[in-house]
Ligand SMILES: NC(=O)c1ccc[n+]([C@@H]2O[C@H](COP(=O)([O-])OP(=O)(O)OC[C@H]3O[C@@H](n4cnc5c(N)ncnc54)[C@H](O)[C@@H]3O)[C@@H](O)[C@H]2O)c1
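This document starts with one chain, in the form predicted on its own, laid out as structure tokens.
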Amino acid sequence: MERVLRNSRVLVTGGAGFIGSNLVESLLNDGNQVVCLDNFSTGKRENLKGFAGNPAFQLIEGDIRNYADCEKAAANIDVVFHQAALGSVPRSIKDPVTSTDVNIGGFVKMLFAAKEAGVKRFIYAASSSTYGDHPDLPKVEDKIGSPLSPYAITKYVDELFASNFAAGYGIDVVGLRYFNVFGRRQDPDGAYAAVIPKFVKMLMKHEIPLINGDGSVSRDFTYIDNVVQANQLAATVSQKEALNQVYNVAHGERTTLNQLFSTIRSLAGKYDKEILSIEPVYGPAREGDIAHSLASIEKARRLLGYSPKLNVAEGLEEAVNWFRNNL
């Protein structure tokens, strides 16, 4: 039986976002009292509409950059799942000031408020971008290179603050380095939309997707259910050696952008044969991107009991079906 958190009072920051709302849903289903803190800068109200009538759910509309909001949200909380952040490498290159303000300033305010409130455990979304220019594959937690973007810097600095707080204040922290998460509720729109929902929506509209570079860039795409599982395991692990650590959260499977496009086209083409004839166009590589990413998940298996539920192909099939019914 899978280990899950039950009968606890939890806070999900960024709970109206893609990952956050899936976490909220899972935690409510397992009998927890869930508080969501979100300022809706990137999160969406429609992601929360299914929880609005649930007496175990509370929404606090606030900003992690405002310490009073953090204090209010952390009151009487057992576990914090900190998902709030400004994602996207290109966004951070265009506006490093705001990304730094949210991802570092907001992180420290939330972490300190949690400590002051007596929160037992603080689980936070770290990032595979922290590996930077380190050439080794697969990526192993204790070998990182120089960050390649302001976003990557902010996520690495968060890890340093978390480690410092664990040592200096005694709060239990667990960092989860997400690798290219995808799945239901992921936003296909906007300048910084992730590649998978963008591909799906464009193909469904018979538009021609753009692939940055020649399509040989590879990623360890990770289905949302695997990420939810990792968070649940991080919240419930009891072994002391598993705490105050950072873990890769991925499937351990490498997929190029060309392979990704081909798979999505085939899946969407089951419902619309015209999609099968669409070919992508290629443009310049994105600034700040790493060429290849592949995770070792052995540490998470060993210390957390992490075992990914769905591989990339299985996750893509579920995701395409969800987008087909919800876009």
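When you see a residue number, it is the position in the sequence shown, counting from 1. None of the values given here were measured: they were computed from a predicted structure.
The protein also exists as the form predicted in complex with this ligand; that form is not presented, and the subsequent description refers to it.
> Sort through Gly50, Gly269, Gly62, Gly31 and report the residue having a heavy atom within 4.5 Å of this ligand in the model of the complex.
In short, Gly62.
> Tell me, out of Ala125, Ala74, Ile196, Val173, which residue has a non-hydrogen atom within 4.5 angstroms of this ligand in the model of the complex.
Here the answer is residue option Ala125.
> So in the model of the complex, is this ligand close enough to Lys139 to count as touching (4.5 Å, heavy atoms)?
Contact with this ligand, no.
> Examine Phe40 and determine whether its closest non-hydrogen atom to this ligand in the model of the complex is within 4.5 angstroms.
Yes, Phe40 is a contact residue.
> Test of understanding: in the model of the complex, would Val10 fall inside 4.5 Å of this ligand by heavy atoms?
It does not: once this ligand is placed as it appears in the model of the complex, Val10 has no heavy atom within 4.5 Å of it.
> Is there any non-hydrogen atom of Ala235 lying within 4.5 Å of this ligand in the model of the complex?
Ala235: no, not in contact with this ligand in the model of the complex.
> Specify the contacting stretch among 161 to 169, 179 to 187, 239 to 247, 198 to 206, defined as having any heavy atom within 4.5 Å of this ligand in the model of the complex.
Comparing against this ligand in the model of the complex, the contact stretch is 179 to 187.
> With this ligand taken in the model of the complex, which residues across 7 to 32 come within 4.5 angstroms through any non-hydrogen atom?
In sequence order, Gly14, Ala16, Gly17, Phe18, Ile19, Gly20 come within 4.5 Å of the partner.
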